[in-house]
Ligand SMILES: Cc1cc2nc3c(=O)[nH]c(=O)nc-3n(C[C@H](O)[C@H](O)[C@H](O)COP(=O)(O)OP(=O)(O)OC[C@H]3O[C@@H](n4cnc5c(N)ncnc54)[C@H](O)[C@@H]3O)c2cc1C
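Shown here is one chain on its own, the form predicted on its own, set out as structure tokens.
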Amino acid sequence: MNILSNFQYHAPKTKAEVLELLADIGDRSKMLAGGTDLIIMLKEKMIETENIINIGDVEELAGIKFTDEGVEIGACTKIADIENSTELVKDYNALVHAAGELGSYQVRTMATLGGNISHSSPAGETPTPLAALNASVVIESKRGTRVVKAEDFILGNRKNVLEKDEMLTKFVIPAPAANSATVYGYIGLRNAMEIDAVNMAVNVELEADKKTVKSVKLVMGSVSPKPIVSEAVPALLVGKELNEDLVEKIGEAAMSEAKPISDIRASAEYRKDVVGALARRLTKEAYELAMEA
């Protein structure tokens, strides 16, 4: 039987209370939002802590708010709320798609967006679309506030930029550029609930002629300890019109940057092949959607 070790439980009701606790005991604490990862790790004795700070009931840390500049999503917003948002799907479908592929529906009703990225798993579903959508992560402590790009938040397997007295409070995603589209895709070994073998998000923005690529952002997940933002694909595409020859080269370019490992889900060789296939398919799909935007 898996029994949790003893710890002190804290249930603050405001963000200010959370920041106060983190300033005092942050170095001896773990944050609980949905708990879908944390509780398992505690039960399996993968981690131990003296304190649990439950932020799940802090209302100001949850919710989806649209602004003139884009959208703000609270760190404690449930994955299911993102998956089921009829407003988000209009401009941020890549994130909605990724949210719908995370775990089981029961998990998605508990798991939070902030928890998913803070867990910092190499195979996490939401970090790649957040990065492709040019999201920023807002981090707060009693010392102040700082903002980092989504792609810079994760440092490695289960590692991120959060200091012991800091918390992730919200995500800020800009409104999509004109003539642009972002898509998400993944490949696993079976059509059932599982951790991705590879996932990817691609953002393509076109010039006013709706043919020439103005910018492209391709982000790969589960092929490195942290998401990889391609440099080779933009170098190949910017200033050009997409054609079948370039589509093939896109796959080769992305494969050259992937750094996968072999594990129980897939071999490194298989993952590299998947990267090429996803890069070709998703870039072409994003390009065609941008032409229609």
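Don't overthink the numbering: it's just position in the shown sequence, from 1. Note that the structure is a prediction, hence the values are computed from the model and not measured.
FYI, the form predicted in complex with the ligand isn't displayed, but the following is about it.
Heavy atoms within 4.5 Å of the ligand in the model of the complex belong, among the stretches 81 to 89, 161 to 169, 213 to 221, 128 to 136, to residues of 161 to 169. When contacts are judged by a 4.5 Å heavy atom cut-off, residue 203 does not count as touching the ligand in the model of the complex. Mapping the unseen interface onto this chain, residue 187 falls outside it, with no heavy atom inside 4.5 Å of the ligand in the model of the complex. A residue is said to contact a partner when one of its heavy atoms sits within 4.5 Å of a partner heavy atom; residue 103 meets this definition for the ligand in the model of the complex. Mapping the unseen interface onto this chain, residue 116 counts among the residues with a heavy atom inside 4.5 Å of the ligand in the model of the complex.
When you look in the model of the complex, the only residue of 96, 111, 73, 181 with a non-hydrogen atom within 4.5 Å of the ligand is 111. Checking 229, 32, 247, 232 against the ligand in the model of the complex, a heavy atom within 4.5 Å turns up for just one residue: 32.
Although the ligand is not shown here, in the model of the complex the stretch 34 to 56 places heavy atoms of 34, 35, 36, 37, 38, 40, 55 within 4.5 Å of it, in sequence order.
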